[in-house]
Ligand code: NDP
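Here's a solo chain for you in structure tokens, the form predicted on its own.
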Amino acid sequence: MKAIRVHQPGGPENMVYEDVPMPSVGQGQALVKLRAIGVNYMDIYLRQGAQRSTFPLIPGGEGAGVVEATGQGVTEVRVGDLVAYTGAGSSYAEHVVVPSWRLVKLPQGVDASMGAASILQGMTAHYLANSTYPLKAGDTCLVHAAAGGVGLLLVQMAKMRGARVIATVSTSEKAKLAAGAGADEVVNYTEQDFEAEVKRITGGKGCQVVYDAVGKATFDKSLASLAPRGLLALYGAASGPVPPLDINRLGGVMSLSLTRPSLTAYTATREELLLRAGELFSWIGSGKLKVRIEETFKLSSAVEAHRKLEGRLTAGKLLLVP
């Protein structure tokens, strides 16, 4: 089969489209013929060697397709099922082997492209808005990178829960997308100080929660944008890792909280995985939640997709198609 392999860490040009052996199916696993593959920042970190992985490797951790074979003991899916998954490696390929408990059957009205475009970012937005800090009417939240894959979905889910949403973006085009997703206020951080804007918008009170996937570049101002007893949910580090923190900065009158959540922890059991994915795909299928697919590339053009994502030239989701 064809796949993208990285033989040594480095830039996008280090990804090679080549023939690789077909993976074999073991106990508790399923072989999926992929129809669509999600492209994510974690794939960039993997390609760069930031995950301390062994090379050569096949990047990717998200996709959707049809089950072609199952191993011994598999009860969650059957051959012929259209499924989506996240949290399984080696996805930049025509076929992938996935632990069967991680596979979610796609309902009527949600195709493979929509499944691959939403399962990782959609469940991330779901746990952030519903579990990490369960938003409620009267809350104000700050959503960074609001025109990105998670951001656009998180804005919509926050509005579904009745919260007021302040969104940050980097361009006027992205500002339109964030506003279209329902953001009450949109701040272009290349032209405005988002901390000052949050204080102005909230009358100096700050936000109950900041959802931050940017990391190093926004961390200090994100903390400063919180209301007393507010929570900073740092779920990514697109601009680089946050330096070591003096925990005393969280104390005093503000009494702030900081968490570094992950989708792995919030889908640690099949029951929780199906709950989050079930609500996500139900909202997508009914039209209640809109998923933006920015662009679709051939698997052989993964280099181009990485360059676009790494250059922050996207608003929404990038997909690869074998």
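All residue numbers refer to positions in the sequence shown, first residue = 1. For clarity, every value in this text was computed on a predicted model and none was experimentally measured.
Unshown form predicted together with the ligand; subsequent notes refer to it.
Position in contact with the ligand when the complex is considered in the predicted bound form, options V74, L223, A238, V242, heavy atoms within 4.5 Å: Comparing distances to the ligand in the predicted bound form, the residue within 4.5 Å is A238.
Would you kindly say which of S257, S262, Q48, S282 lies with a heavy atom within 4.5 Å of the ligand in the predicted bound form? For this set of options, the contacting one is S262.
Tell me, please, which stretch of 101 to 109, 210 to 218, 158 to 166, 242 to 250 lies within 4.5 angstroms of the ligand in the predicted bound form when heavy atoms are compared? Of the options given, it is 210 to 218.
Non-hydrogen atom contact T314 with the ligand in the predicted bound form at 4.5 angstroms: Within the cut-off, so yes.
Touches the ligand in the predicted bound form: Q121 (any heavy atom, 4.5 Å): Flag for Q121 set to yes.
Does the ligand come within 4.5 Å of any heavy atom of Y189 in the predicted bound form? Yes, Y189 is a contact residue.
Consider A145 of the chain shown here, and say whether it contacts the ligand in the predicted bound form, taking contact as heavy atoms within 4.5 Å. Contact check for A145: yes, within 4.5 Å of the ligand in the predicted bound form.
Mind listing which residues of 146 to 166 have a heavy atom within 4.5 Å of the ligand in the predicted bound form? Heavy-atom contacts to the ligand in the predicted bound form: G148, G149, V150.
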